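Listed next as structure tokens is one chain, alone, in the form predicted alone.
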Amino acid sequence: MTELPDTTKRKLGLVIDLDTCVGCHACVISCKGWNTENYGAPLSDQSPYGADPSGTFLNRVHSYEVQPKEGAAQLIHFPKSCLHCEDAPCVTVCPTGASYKRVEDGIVLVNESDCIGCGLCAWACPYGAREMDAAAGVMKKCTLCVDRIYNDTLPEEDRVPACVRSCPAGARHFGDLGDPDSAVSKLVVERGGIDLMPEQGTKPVNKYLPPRPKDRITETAPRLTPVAQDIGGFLGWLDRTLERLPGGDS
């Protein structure tokens, strides 16, 4: 069995804003693309265009209709991947030592050359964050894109996980959650960030920012000021033409 480090120098992880996530799955696609083409063995797909397609994904988005105690029901999009727990049961249950937690940054990884595909780590993970790759026969999981965040040949803005870089809504944040002065730690404090299933005692590094009740939001976006009152050129002609059509002035 693998032992967990007593402490780690940093606690790199994600902060996911459930109030902002729109469920577009951009994080899922970018994660699949980056991890198929770069780190480790490709993430395989089985019969992707057949009647019963399946595949390996390190990040998934689930959508739930939630009914608060007060107010109207609302749709919540819930991204989920490995939470890089401080007390990670997937590590301590591994019989070959393939699963391990790094001392330098707290990232939980799998040494694929030592993995025998027994699936014990998947059984131990209470979040369902590990997936067996049917083609490779080894366990796969989120790596926080270790081959991106430490890659000095990439522009600085690209040295974040692929899911963070691709999120169009800015719902995903990356940083050191072990540093109380980091931007992600301050965000967790300001927004009341929470652990996923804290009763499991795994101490997940990743945090979630809770959604606001959508039916009680009083803030509205300011109305945009028209760029021009009189539109010329082709757009002006098109606008005048559409107004002459039946119902165009309604």
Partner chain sequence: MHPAKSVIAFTTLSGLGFGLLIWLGLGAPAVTGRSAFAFFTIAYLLATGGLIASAFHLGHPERGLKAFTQWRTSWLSREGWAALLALGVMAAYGAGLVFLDTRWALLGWLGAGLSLGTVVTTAMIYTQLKSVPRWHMALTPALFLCLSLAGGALLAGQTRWAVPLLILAGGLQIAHWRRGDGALARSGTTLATATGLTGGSLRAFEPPHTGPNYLLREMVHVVGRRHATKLRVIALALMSVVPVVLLLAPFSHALAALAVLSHLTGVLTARWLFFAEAEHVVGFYYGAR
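On a predicted model such as this, the values are computed, not experimentally measured, just so you know. Numbering follows the first chain given and starts at 1.
The form predicted in complex with its partner chain is left out here; the points below concern that form.
Against its partner chain in the predicted complex, the set A88, A183 and G193 makes no contact: no member has a heavy atom within 4.5 Å. G117 belongs to the set of residues with a heavy atom inside 4.5 Å of its partner chain in the predicted complex. Remark: V189 does not count among the residues lining its partner chain in the predicted complex, judged by a heavy atom distance of 4.5 Å or less.
Residue contact check for K80: one or more of its heavy atoms lie within 4.5 Å of its partner chain in the predicted complex. Using a 4.5 angstroms limit between non-hydrogen atoms, G178 is distant from its partner chain in the predicted complex. Residues of 120-138 placing a heavy atom within 4.5 Å of its partner chain in the predicted complex, in sequence order: L120, A122, W123, A124, C125, P126, Y127, G128, R130, E131, M132, A136, G137, V138.
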